[in-house]
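As a starting point, one isolated chain is supplied in structure tokens, in the form predicted on its own.
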């Protein structure tokens, strides 16, 4: 079922007469299953008795993207292209500025359907296309469980604000999406997406190489999800914060690139039972993740220090001149050369794999605040390192996660030096709660 709240017409142009196909501009939702935008495009094609063309515009100047990000994305797109052909659609990938690519591909399209990403860059592409396109442009929201504006019409300042609002819509939106058969099938093709050739042809940052620990694509995501449910979900609520163990689902890179649907994950996990572990996971996947989409949608400063709440900025700036026992430059931090072995391990984990344990990412961000000359510099450094090395960087969830380290979506705590009333974390707390020697060993083993 595609709920009408997911669908928005982005311009007032008519359907093109004598068109040859319906065009789906795949942007955020890089998958051929559990994709409301794709299914809507298929329905439109069937209604018009036309075939479906799926286009992906690959820009090599996406902000802060490196070989690591492009390699992972292309691994997923290769699989998606194959699955789209199996479903009878034509898939085209062209390198170029997205708006220009889509306008070329849409010259003989009855209409263009697209999905919805949650960042400023993606929104600017859609706005630009809506102004220039000479046929109808329809957006279908498919990378959140509950559409952002439906869940809450303004910025939610904490999870406690959003939780009851989004929960009351789950009965309506947490429902399966059935695939629709395409009536006008494209001719069979042996075309294979030459991802390695494409990757090497791009003019991109090669300083951060691909991750050899995390494989892109829906099949890899599904395997991880199935393994998580079979082996780790039963202890998730109790063990998810322990960095010495590995009880995470590891879905965040796949969600970032739209290689798996949050709706599919939610229904699969929900179908495994009704218990505190399932509830804990769905809280993170739906409430916390979609709080981040609320943040990037309603707060235009989401990637800057100015996105923080007034109380957080006031208390941080009050303590901006407090003495720091340690001061590190961004280069020092990037080289994992601090005095703190736990922080260094977290940085290495991120650099080696493209991902960091969620609890350690909170600690990691807090320590950058403690070891930087100003809170503004700390915020910039935290976001820059996260976006550069993490496969799930440059994502609403990452923007919100970094801002959380500085007080976003949190409350004031007891006042102390440097942090003011922003929540504090320290190494002693890690040792008290977790087997940190085990974490150090786990990260060291990544090099083997």
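Residue numbers count along the first chain shown, from 1. Remember, it's a predicted structure, so these values are computed and weren't measured experimentally.
Omitted here: the form predicted together with a small molecule. The next part is about that form.
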Q. Considering 378, 145, 84, 285, which brings a non-hydrogen atom within 4.5 Å of the small molecule in the predicted bound form?
A. 285
Q: With the small molecule left out of view, choose which of 281, 342, 72, 302 has a non-hydrogen atom within 4.5 angstroms of it in the predicted bound form.
A: 281
(Q) Within 4.5 Å of the small molecule in the predicted bound form - does that hold for a heavy atom of every one of 251, 292 and 355? (A) yes
Q: Give a yes/no on whether residue 53 approaches the small molecule to within 4.5 Å in the predicted bound form, heavy atoms considered.
A: no
(Q) Would you classify residue 397 as touching the small molecule in the predicted bound form, given a 4.5 Å non-hydrogen atom cut-off? (A) yes
Q. How about residue 30: is it within 4.5 Å of the small molecule in the predicted bound form, going by heavy atoms?
A. no
Q | Contact flag, residue 328 vs the small molecule in the predicted bound form, heavy atom cut 4.5 Å | A | no
Q | Partner-facing stretch of 62-70, 43-51, 411-419, 398-406, counted where any non-hydrogen atom is within 4.5 angstroms of the small molecule in the predicted bound form | A | 398-406
